[in-house]
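The form predicted on its own is given below as one chain in structure tokens.
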Amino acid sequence: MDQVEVFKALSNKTRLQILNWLKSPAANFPDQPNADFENVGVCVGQIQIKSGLSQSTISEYLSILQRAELINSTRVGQWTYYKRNEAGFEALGKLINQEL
């Protein structure tokens, strides 16, 4: 886990909101017809709609979160789904407790 990448990812209000939404996807997003939240995640289109930002901005934000190992993506057909990487959050907790 790269400390700079993680803290860069966490330094943006919208990226923090996305992580918060993905923590409880069923409470924050409408049902998805082709994938369940627990196994696959949330469709990038739903994240984009909820945020109110452009597709390109959301794609960049999700890419930053993925490089920081805070989310994972799954491709299903033409759609990409995202969910939190709980192992990444465990590593972040250890990083903070042991190194900072």
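Everything numeric here is computed off the predicted structure, so don't read it as measured data. A residue's number is simply how far along the shown sequence it sits, counting from 1.
The discussion below concerns the form predicted together with another copy of the chain, not included here.
- Using a 4.5 angstroms threshold between heavy atoms, N12 counts as touching another copy of the chain in the predicted bound form.
- Residue contact with another copy of the chain in the predicted bound form: R84 places a heavy atom within 4.5 Å of it.
- Another copy of the chain in the predicted bound form is approached by L16, whose closest heavy atom lies within 4.5 angstroms of it.
- Within this chain, N20 lines the site of another copy of the chain in the predicted bound form, having a heavy atom no more than 4.5 Å away.
- Contacts between 78-100 and another copy of the chain, taken as any heavy atom within 4.5 Å in the predicted bound form, involve R84, F89, L92, G93, I96, Q98, E99, L100.
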